[in-house]
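Only one chain comes next, encoded as structure tokens, the form predicted alone.
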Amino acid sequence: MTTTSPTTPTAATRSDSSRTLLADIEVMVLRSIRHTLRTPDALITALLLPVMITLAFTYLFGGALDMATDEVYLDYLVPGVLVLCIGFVAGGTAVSVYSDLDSGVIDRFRSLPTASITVLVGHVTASLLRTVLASTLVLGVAVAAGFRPSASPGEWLTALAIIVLYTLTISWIATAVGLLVRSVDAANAFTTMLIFLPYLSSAFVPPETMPSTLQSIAENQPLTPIIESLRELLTAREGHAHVLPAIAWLVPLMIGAVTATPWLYRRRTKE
């Protein structure tokens, strides 16, 4: 009589599993990118809206607002537009995730020998790539309009890290929203909220110029320290007092979203 001992995963097996997971994620990322390219109207809107806001605020209101900010208004404006751009582009992930659920594509993916997390990671990674493209375009237009960042290489790297962290946070939150909502209109409402929220921050004017109630909201919401940290880094202001508060807002929010998303996915796909 022969007995078989239980097999344990070897290093080679774990390595093969890791390569398979990465290959599956790559497929899902490419799928999301193809969907983006097949809806050029949405991509063009996501790219043009921040550019139009930059140009409108610079050339229509910049002269008047130079006095409100005590500096060149374009230097004040660019970090706020970057945050608005990221929110608008990354917030669209909620619609993409909901569309996959509503169309039944998620059910088909569940029948395949792949981890469920690959679908979600694919959406988030594609969102990050779209945001990098949109942010680069905004910075290019801003430089053409006269924006001259004075950041050191270290400050550029820190600013990039905050932008990536903010993008991932919003993308994971949007993914959770896409799994939670019951209609495409509700998913779109999340994107609309992300467009509106920067106006209640220091994105376009200093909070101290607002009425007291709005000033309190602007000073105590997460976007203000994120915008101010980018403003300090890109214009090489001393102190960088808002960098740590920005990270303190973003890290718990992203951890909460990343933790909640798989649970929401399992809950939604069992219905």
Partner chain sequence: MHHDRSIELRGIRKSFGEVLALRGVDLDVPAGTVGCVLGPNGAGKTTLVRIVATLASMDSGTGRVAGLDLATDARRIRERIRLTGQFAALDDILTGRENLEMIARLARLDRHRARRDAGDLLDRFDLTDAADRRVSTYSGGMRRRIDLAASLLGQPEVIVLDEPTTGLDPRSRQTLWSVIHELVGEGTTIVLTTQYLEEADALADHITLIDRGEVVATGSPRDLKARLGSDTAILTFGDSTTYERAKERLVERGDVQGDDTDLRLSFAIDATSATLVALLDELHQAGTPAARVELTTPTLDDVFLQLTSPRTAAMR
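As the structure is a computational prediction, the values presented were derived from the model and not from experiment. Residue numbers count along the first chain shown, from 1.
FYI, the form predicted in complex with its partner chain isn't displayed, but the following is about it.
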Next item on the list: With its partner chain left out of view, choose which of S150, T192, S111, T136 has a non-hydrogen atom within 4.5 angstroms of it in the model of the complex.
Entry: S111
Note to self: Give me the residue from G146, G140, G154, G104 that has a heavy atom within 4.5 Å of its partner chain in the model of the complex.
What the structure shows: G104
Margin query: My question is simply whether V27 lines the interface with its partner chain in the model of the complex - judged by any non-hydrogen atom within 4.5 Å.
Written below: yes
Notebook entry, point to check: Do A115 and its partner chain come within 4.5 Å of each other in the model of the complex, heavy atoms counted?
Noted result: yes
Check: So in the model of the complex, does any heavy atom of R31 sit within 4.5 Å of its partner chain?
Finding: yes
Checklist line | 4.5 Å heavy atom contact, H35 to its partner chain in the model of the complex | finding: yes
Item checked: Options 236 to 244, 211 to 219, 55 to 63, 35 to 43; stretch whose heavy atom lies within 4.5 Å of its partner chain in the model of the complex -> 35 to 43
